[in-house]
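Coming up is one lone chain in structure tokens, specifically the form predicted on its own.
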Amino acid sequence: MVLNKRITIQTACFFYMLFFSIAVFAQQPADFVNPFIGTSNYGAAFPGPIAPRGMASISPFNVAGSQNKLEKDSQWLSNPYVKENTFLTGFSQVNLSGVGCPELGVILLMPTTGAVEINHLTYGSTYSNEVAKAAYYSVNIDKYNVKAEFTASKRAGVSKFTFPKGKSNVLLNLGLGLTNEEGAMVKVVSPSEIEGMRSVGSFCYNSPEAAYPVYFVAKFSKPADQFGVWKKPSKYEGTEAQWMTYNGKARMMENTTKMVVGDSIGTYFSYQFDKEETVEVKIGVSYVSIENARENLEKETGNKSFEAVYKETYDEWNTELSKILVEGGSTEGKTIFYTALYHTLIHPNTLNDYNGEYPEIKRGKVGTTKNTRYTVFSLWDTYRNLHQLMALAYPQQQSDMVKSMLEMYDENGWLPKWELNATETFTMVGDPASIVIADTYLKGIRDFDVQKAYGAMLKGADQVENNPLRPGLKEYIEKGYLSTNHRGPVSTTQEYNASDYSIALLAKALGKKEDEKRFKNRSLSYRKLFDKNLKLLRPRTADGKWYEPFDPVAGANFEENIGFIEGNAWQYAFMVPHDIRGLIQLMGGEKAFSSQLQKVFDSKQFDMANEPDIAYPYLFNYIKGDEWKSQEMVQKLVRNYFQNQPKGLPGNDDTGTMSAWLVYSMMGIYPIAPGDPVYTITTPMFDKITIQLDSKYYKNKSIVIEREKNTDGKIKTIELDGKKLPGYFISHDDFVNGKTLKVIQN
């Protein structure tokens, strides 16, 4: 009996240790992140470290020089890193993820050995042994036998260089960058500190007057044995230029602590090591001032080691990614899912400094916030799904994003359209902020000034003169559509319709019945552009006639065309998600609608790489008996376009929009009509998905989506807490107030 008891205790201890080991070594959500996904196929992602919603980020910079297959100035490139390139010229400290225009990608650090060389085409190098994961990136720089490692806090980047014995250098190049905006300032404060500024701006090269500074402070773990500043001036012609012995030649200013200003400038810190040594460089950034950049650096990294900063940021990523836990499925599937969720948590990102200060939009003033002031609102993209995902799983962030939009309205007089670092680029078309705000409020996130928001929405929707949000609004109100006198008249009309519908929904919630009726009617005006013979939307001229000649296919692959923005008649044919029932009637009934929708896919007109048609795979859910087509199509698109490899995004991630589509699609729900708090349902791609709910906004702690997979067949029934749903749609309120959404397959 004693022996048996001893065996029982030993067995219990064994299983305890086994369970403990499994728990310790089990992969966390952050461990599934592969930052290389989206670094090819023009995904415009970068593999370097960033904190969730971080201001600072570090990316290897390999898009300069003819040694690279894809070079930033020989074609349109909007990212500092391309996986298939091979020539590295530094590591940029502020970057954008998944955007369509070049911006930021500046303040480049580069470790070298031997004599100081300041030409990036000369000091650049091939590289090997890249490692990228959440909050960490490392690489070996072949030419110098240097290992470079990187991590980041929210407002500071941390670099660690392991140098071989001999002379070693850390270069800070302020001339090179992804953007071709010029102008910088640098000052060596001491042998272990640098401060300065780099001018950036001109997003899409359409507002050069809107350039702005990014400030920085760099601190080195070891004081330099030698340091200096370089400046390469332009080359001049003429008599006076003959007196300039330095004309067009780089000047090297050794041991100077003077402020240096110019275009092609930089600093070097040099060391003489008698054995292998490590140098850490911490760089804090700010869009307000050098003083704030220094405070950001001190408050966030202080005396912390590289490893300590990495662990803090990794833990933050793991906390954020754990808001959605998936079970079952393959490791590949989890990698694709969590990397997509990771990409949705980069933008919009933090603009305010540690002390709460941020640059106000357009004014040149400094504002202060107690919350988070967000920036990088690519709203033409993100209004379709990303903000809905934030409202569901990260409602506090979404609330602060809406508050940021309202602050921009106070500062600029208009809601944002495509805001970037306190500049309004007015890129793309439509009035998307109205959709996001209405959607947020209708989901129960109401801790913002809704009356101010509603007034801002009405201003954008009704002011016919000098309206940067809605050009051509007078014609739209009078005729119900924009004519060919305006850019992309059909798709712009559809965008205005979508915003008007969201305003109508918010008006209803606020008890404003006249506005509700007015904007509901306005939202249906796309019908005036419906050609019943083609069963497509078609541009009209100013006199109301159909535009001729009309080619429904023209405009694919981002080619310019008369009627549409970034798409053609097929890719916009069903982009009226607020009135699908009305569109079904226009097309002649459910059978005709389903047949026309199928043609989009059969004729290869569906474009997974762009926003206008990304909801189309789900539209079969409106047709009873055809819902299986949505299930098949969504799974096929996920398999074909989203993969665990650099080309694993269908194209530009559009600040997380494509990734949000994937997150929703793999969970088995999708926000089918932006602004309207309703999800449509398809087959989940995991056995169980648990979405943690914020108790500040939702009464339940979580909502679970379960897949009961008897075969790989069609969905048989859908149940919410054991009660069968009548169809393939569920309201947001019903969803978050339930406990388990079960999808049962045949």
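The first residue of the shown sequence is 1; numbering continues from there. Worth saying up front: this structure is predicted, and the values here are computed from it rather than measured.
Keep in mind that the form predicted together with another copy of the chain is not shown, yet the notes after this line are about it.
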Taking heavy atoms only, is Pro359 within 4.5 angstroms of another copy of the chain in the model of the complex?
yes
Indicate whether Thr427 is a 4.5 Å heavy atom neighbour of another copy of the chain in the model of the complex.
no
Do Lys258 and another copy of the chain come within 4.5 Å of each other in the model of the complex, heavy atoms counted?
yes
Spell out, yes or no, whether the shortest heavy atom distance between Met244 and another copy of the chain in the model of the complex is within 4.5 Å.
yes
Just one of Pro164, Gly333, Gly480, Gly183 has a heavy atom within 4.5 angstroms of another copy of the chain in the model of the complex, so which one?
Gly183
Of the residues Glu193, Asp315, Glu632, Asp263, which one places a heavy atom within 4.5 Å of another copy of the chain in the model of the complex?
Asp263
Using a 4.5 Å heavy atom cut-off, which of 202 to 210, 508 to 516, 142 to 150, 584 to 592 contacts another copy of the chain in the model of the complex?
202 to 210
Flag this candidate site as yes only if Ser138, Ala218 and Lys370 all have a heavy atom within 4.5 Å of another copy of the chain in the model of the complex; otherwise mark no.
no
Could you pull out the residues of 56 to 81 that have any heavy atom within 4.5 Å of another copy of the chain in the model of the complex?
Lys72, Asp73, Ser74, Gln75, Trp76
